[in-house]
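Just one chain follows, in the form predicted on its own, and it is written as structure tokens.
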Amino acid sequence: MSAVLDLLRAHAPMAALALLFGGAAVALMTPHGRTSWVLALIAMAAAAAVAADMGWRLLAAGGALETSALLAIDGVAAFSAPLIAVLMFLALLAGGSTLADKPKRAQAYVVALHLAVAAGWVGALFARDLIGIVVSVHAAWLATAALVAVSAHRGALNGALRMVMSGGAGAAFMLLGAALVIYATGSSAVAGAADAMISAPRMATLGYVLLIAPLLLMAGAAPLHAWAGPAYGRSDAGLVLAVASISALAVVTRLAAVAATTTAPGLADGVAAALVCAGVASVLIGSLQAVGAVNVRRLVAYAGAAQAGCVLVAIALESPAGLAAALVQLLAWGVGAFALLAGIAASRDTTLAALDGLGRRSPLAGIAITIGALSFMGAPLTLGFLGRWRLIEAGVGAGWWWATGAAIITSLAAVFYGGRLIERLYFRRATEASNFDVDAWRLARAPVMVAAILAVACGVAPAWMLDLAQRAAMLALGLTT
């Protein structure tokens, strides 16, 4: 047994992907939906454990970064891959509560698609070359769109179609961007630009921008988020969509870190300028839309756009402090969204009126929504506060005083819509009968809510997490820790 574990640890990236793909294959071959779900949970848990062990060895224990002919692990991948794997495990666990709503013939496919989404995004973080990133990203995106399409809610197909169409356009732009970068650097390796003598820096800059723009769309950054409202609001795949947003931002972080390490004149500044423009626009537009949202799932989507904007501003700083702030905010956005979405799922009605008195009728759901809302606000002792504070520190340290405005605007808007959620939970009475599910499988949501609450509560003792993010940022930029 020890020999098997040592082999898995020695080839952790390949082992994690093999577990995800193998689990998807087993899920497809299992005719019974619940059995397929249990087997997939085992595979996902194993992949998450392998990824977490790998990240801990590289970041906390100071191990060497792993490379092979196809895969390469950098600081961003070491931090983000375990996060994505764990969140997808929780999303799959919660997915068991709605599995009975799907046609019996489709249940195994739904389970397998969860694993395919995780494999695609983790593969994009592990991919050694640009083409591998493009293929992995769009495989994950199509699997996510398929999950939205099979939702039991009416109107979900509209969101899925928007995702497919925008993903198709994004694939063309990403392939063109990869071609430009490969031509300018003479290498298809992701890290090739850092070591190459780039003869055409403007072409390389354009290539990176074309690579990043579709990822911003998939992250739900405004104004490229036309798919987000229908996809979140009309489907029960909100947790998977949140993971997709985090994953896309993680890939952006990886590409931006490589651009920041190049010596080509103007390349890093050009990428940073594009990220700043996209980040500021996303903060402003996302915050305004979240304030006006009347559907709670749409509110999460628009709040996510504002959160993504803060992440992009942090990445644009191109410093260890900025990248570390971006990674902390990815974690905060992920667990905050999970707390909100899992808590909202206690009732099938996603309007704001459905939250009236929910804190008294379903205390655990009320706590989860409250914690998620406080994290989005950036309240002290939450991960959201740490992410905003790190962004402010990094911005001031780089002389970008205006960058604090992005954090302040996001927090002020979140105070409005987050406070509105909390007010409805505890200070209003329900005007109509509750629409709760009595199926015992609905209890699968409880561990997700508890995990999200505990993760947000890590803001009380965050030293270990902040240290891991800082080490990941230093490694991503090729600096010693």
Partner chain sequence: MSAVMIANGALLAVAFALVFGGAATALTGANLVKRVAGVIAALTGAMLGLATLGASAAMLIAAVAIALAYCALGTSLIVRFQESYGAIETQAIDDGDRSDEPQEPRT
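Bear in mind that the values here come from a model prediction, so they are computed numbers and not experimental data. Positions refer to the first chain, counted from 1.
This protein has a second form, the form predicted in complex with the partner chain, left out of what is shown; the following refers to that one.
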item: Which of 330-338, 295-303, 79-87, 115-123 sits within 4.5 Å of the partner chain in the model of the complex, heavy atom basis; value: 295-303
item: Residue 186 within 4.5 Å of the partner chain in the model of the complex, heavy atoms; value: no
item: Residue contact check: residue 145 to the partner chain in the model of the complex, 4.5 Å heavy atom; value: yes
item: 4.5 angstroms heavy atom contact with the partner chain in the model of the complex for residue 208; value: no
item: Close approach of residue 168 to the partner chain in the model of the complex, 4.5 Å, heavy atom; value: yes
item: Single option in 285, 268, 321, 409 placed near the partner chain in the model of the complex, where near means a heavy atom within 4.5 Å; value: 285
item: The unique member of 175, 364, 274, 99 whose heavy atoms fall within 4.5 Å of the partner chain in the model of the complex; value: 175
item: Full three-residue contact with the partner chain in the model of the complex, heavy atom 4.5 Å, for 141, 158 and 182; value: yes
